[in-house]
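In the form predicted alone, a lone chain appears below as C-alpha cells.
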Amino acid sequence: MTDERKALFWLSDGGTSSDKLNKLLEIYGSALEVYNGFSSGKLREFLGERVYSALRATRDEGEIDRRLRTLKAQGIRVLLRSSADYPELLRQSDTPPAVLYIKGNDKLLCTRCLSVVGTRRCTDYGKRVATDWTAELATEFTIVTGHATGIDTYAAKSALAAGGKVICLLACGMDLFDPPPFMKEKAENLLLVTEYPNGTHTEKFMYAERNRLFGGLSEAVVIVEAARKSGALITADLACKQNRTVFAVPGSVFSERSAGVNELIRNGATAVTSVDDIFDDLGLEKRGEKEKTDLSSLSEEERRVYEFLSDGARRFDEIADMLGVPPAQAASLLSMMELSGIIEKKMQNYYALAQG
C-alpha cells in the first residue's frame, strides 16, 4: 500500500485508541510505516492482542477500499488530521484525533463555535437557561454539544429551532446513533462528529475521552448546570487545559445539580448571568447599545412585551401567557411591534428585541 489516508483509516477503524494512534504516528512517523511494519513483535505488544488481531484481519487493501465505499454510501466522511479542512483549533490541541468520522454539513467545522453542555438530570431552571440562551447564542456561533438527554439535548434543540447550526459530538460509532426527529428535520444545519469507527458501542471512558473535543472545537465552553460529579466538569477541566474560556451559569446554593457549576466559579470559571456577558467577554458587540426604544411611546401591552424580551428571546406561547390574552390578540400585537421595528421574529415562533 502507498496511500497514507487508507493506512490511517485502517489503523483507526481497527479499534486503535486515539491516544495509542497518536503515539504510533509519533514513533513511526506515518500510518504507512505502521502498516508496512505490522509484523513487528513490539507493535503487537504495544497494541494488545485484541486490537492487533482486529487490524490483522482487516489489513487487506481490498477490504479497506470496501469499507471506505460503505462509509461514503452512508454519507459518512473520513476526515484526517492532515486534511486542509480539519478544524484548526482542534489540530492545535494536545491530543487531536488523527481521524474524525463526520456526517452532515461539514462546512460547520470552519465556523465560529461555542460549546454548551451540562447535566442530564437538569432542573426547570437549567432547561430554561439552555433553551433561552442557546437560541440567542446560535445567532453568532455554531453550537457544539452532545447527544445525552438533559442540557445537551435542550441546547441542540433550541439552536436548531431558532435557525442556528449545531455540531453534535458522539461517544459511539456513527451507525449506532439514531438522531431524534428534531435533528432529522434540520439536517442541513447539523453535523455529527465522532472519532469512533462504525460498530463502536459506548463505554463509560468514551464520554471523558470525547469531552476533550468540546474545548478542542470551540473558543469557549458554557456550563449551564452540573452536579459535583457531572461529566460537564470534566469538559470544563479539559477546556481549561486547552486555554479555553469556561463560562459557568450560577445556580441555587440549595440545588445539588448546581453544586458543581458553583464550585467551578469558586475555582476561577467566569460567572455569567446573561448572554450579553458571553458576547462581551468574547469581543462581540454587546446588544442593547444601539439607540434605545422610547418606552413612553409604547402602549401598556407593548411595554410589557418589550420588558419581557429584554432578558432574551421568548416563544410565542410564553408571550401570550405572560400577557394573559388569546393567541389571536397576541399575534396581532406582535405583528404591529414587528412592523414598527421594535421586535423581530426568529425561527420556530421565537421573538426577540430588534437588533437594528
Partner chain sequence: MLAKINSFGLQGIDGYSVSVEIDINNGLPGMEIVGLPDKATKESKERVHSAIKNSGFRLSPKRITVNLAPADTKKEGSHYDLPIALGILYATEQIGENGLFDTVFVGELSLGGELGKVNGVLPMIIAAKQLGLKRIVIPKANEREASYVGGISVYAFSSLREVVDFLVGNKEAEPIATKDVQAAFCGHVAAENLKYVKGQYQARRAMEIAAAGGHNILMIGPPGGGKTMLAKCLPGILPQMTADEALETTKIHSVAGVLRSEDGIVTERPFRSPHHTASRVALTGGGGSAKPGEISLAHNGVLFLDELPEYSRSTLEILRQPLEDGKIVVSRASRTVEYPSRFMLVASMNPCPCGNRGSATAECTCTPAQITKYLSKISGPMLDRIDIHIEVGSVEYDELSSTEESESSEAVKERVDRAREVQLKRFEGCGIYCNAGMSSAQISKYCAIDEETGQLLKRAFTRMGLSARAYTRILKVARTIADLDGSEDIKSKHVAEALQYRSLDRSYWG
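Residue numbers count along the first chain shown, from 1. Everything numeric in this text was worked out from a predicted model, so none of it was measured.
Omitted from view is the form predicted together with its partner chain, to which the following refers.
Using a 4.5 Å cutoff between non-hydrogen atoms, R212 does not count as a contact of its partner chain in the predicted complex.
Shown alone here, L334 lies within 4.5 Å of its partner chain in the predicted complex, counting heavy atoms only. Contact annotation for R67: none of its heavy atoms lies within 4.5 Å of its partner chain in the predicted complex. Using a 4.5 angstroms threshold between heavy atoms, F316 counts as touching its partner chain in the predicted complex. Proximity to its partner chain in the predicted complex holds for all of K127, S252 and P327, with the criterion being a heavy atom within 4.5 Å. Contact with its partner chain in the predicted complex, defined as a heavy atom within 4.5 Å, holds for exactly one of V51, L298, L32, A320, namely A320. Taking C113, V246, C122, L137 one by one, only a single residue has any non-hydrogen atom within 4.5 Å of its partner chain in the predicted complex, and it is C122. Only one segment in the set 229-237, 76-84, 182-190, 253-261 has any non-hydrogen atom within 4.5 angstroms of its partner chain in the predicted complex, and it is 253-261. Contacts of stretch 210-247 with its partner chain in the predicted complex, defined by any heavy atom lying within 4.5 Å, are made by none of its residues.
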